[in-house]
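Presented below, as structure tokens, is a lone chain in the form predicted alone.
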Amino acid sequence: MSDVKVQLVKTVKEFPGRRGEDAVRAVDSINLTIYDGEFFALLGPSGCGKTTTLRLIAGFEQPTSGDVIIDGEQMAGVPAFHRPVNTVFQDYALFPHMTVMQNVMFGLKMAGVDRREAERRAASALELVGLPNIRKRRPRELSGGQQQRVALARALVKKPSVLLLDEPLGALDLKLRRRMQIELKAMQAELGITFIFVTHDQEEAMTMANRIAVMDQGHILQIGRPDEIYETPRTRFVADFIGETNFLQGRLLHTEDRVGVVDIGDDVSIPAIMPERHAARAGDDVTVAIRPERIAIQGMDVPASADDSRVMVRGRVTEAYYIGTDTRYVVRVASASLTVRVQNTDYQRGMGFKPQQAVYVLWEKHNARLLVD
């Protein structure tokens, strides 16, 4: 998976502002490389520019400046129907008056493919998505999951070089959406086609994608594998958007070997791993991020056992919630509150920690990370 499939180079997209207002820059000079056979996700909140980026690749929008390159070819001025891509939309965009078979064959018909060949390829596409027996039904007779599969079949039947998916699971209920995530990932692996998937759902992106680009306000903040994005977020926005995170505000005391020591108040200082590109200096206000599931909690009756690899800080439980899979504690430490998640592996009545109980919280030093913003 080393061949480059899609590139965006210093790509900008501006839309005219309302009367008397400046233009709106939806995509702000982004650079992006997506490889052949990759399942790539564009992830971010509404209005971050991810759908506009997808539309620039699809050809539904033209860049204000910069380049869009697919299979080594410049796409400037190339209309959508002449690009080696196909798109699956959130609303599926099926023709209600056509049968399933007619919907899947439509693109082939427009391309002038012989009817018999079109029928063969459409039948093969429906087989691929697990719907070989509903050819004569119309969209209104299908469930949401079936409509989504028909839309996929219609997109795949033209054998695109790149398949673009604009939040295609958003209209499905949670259980079906999770099942379709697994099926989509398996289908992409089987076909070997490059998938570019737009979503605002971080769990969805992490379930399916080989790599993720996290976007905000038209910028790409970080690109990496799901585990890289989760374990080593570079910015507060990324750490907050991907999963649940504790943020500790403090003052950087000193640094050594990419470890910064941060004063978080009440004479409590903690070490944190610093990213490679970090301009913070001693005396600067900084933010430390720690995932709740990376923190352990123990009672004061257990001997203190901090060592060179672990941090151990005294605190007091302020809240406790039993939520089935785990128990969540809020622990006051110095001038901050930490959320701690403890997996419920063997629940017994009366176990756990109570509000106002003094405790220790512990974590491995590498699980605390200094953020660039």
Partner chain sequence: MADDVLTRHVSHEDDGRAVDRARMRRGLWMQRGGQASFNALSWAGFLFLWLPIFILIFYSFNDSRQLNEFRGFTLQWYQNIFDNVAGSNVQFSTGLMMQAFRNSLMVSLTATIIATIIGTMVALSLARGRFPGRRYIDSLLFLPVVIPEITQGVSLAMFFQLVFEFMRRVDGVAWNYGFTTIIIGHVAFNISYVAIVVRARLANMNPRLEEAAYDLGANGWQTFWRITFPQILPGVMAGALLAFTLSLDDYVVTFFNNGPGSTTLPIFVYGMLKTTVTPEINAISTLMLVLSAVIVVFSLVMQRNLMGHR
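Here, rigid core means the biggest group of C-alpha atoms that superpose within 1.5 Å across both forms. Numbering follows the first chain given and starts at 1. Owing to the predicted nature of the structure, the values given are computational and were not obtained by experimental measurement.
The form predicted in complex with the partner chain is left out here; the points below concern that form.
With a 4.5 Å cutoff on heavy atoms, E73 does not count as touching the partner chain in the predicted bound form; it lies far away. Mapping the unseen interface onto this chain, F241 falls outside it, with no heavy atom inside 4.5 Å of the partner chain in the predicted bound form. In the predicted bound form, the partner chain lies farther than 4.5 Å from every heavy atom of E293. Shown alone here, G299 lies farther than 4.5 Å from the partner chain in the predicted bound form, counting heavy atoms only. By the 4.5 Å heavy atom rule, the three marked residues R55, F95 and K109 all count as contacting the partner chain in the predicted bound form. This chain lacks the partner; the member of V85, V129, I270, M274 within 4.5 angstroms of the partner chain in the predicted bound form by a non-hydrogen atom is V85.
The single contact residue among A189, V259, A80, I182, judged by any heavy atom lying within 4.5 Å of the partner chain in the predicted bound form, is A80. Residue heavy atoms within 4.5 Å of the partner chain in the predicted bound form occur in exactly one stretch of 109-117, 171-179, 277-285, 251-259, and that stretch is 109-117. The single residue of 10-24 lying near the partner chain in the predicted bound form is R19, the criterion being any heavy atom within 4.5 Å. Relative to the superposed core, V198 shifts its CA atom by less than 2 Å between this form and the one not shown. If you fit the rigid core between this form and the one not shown, you'll see the Cα of D240 move by less than 2 angstroms.
With the core superposed, M98 shows a C-alpha displacement of at least 2 Å between this form and the one not shown.
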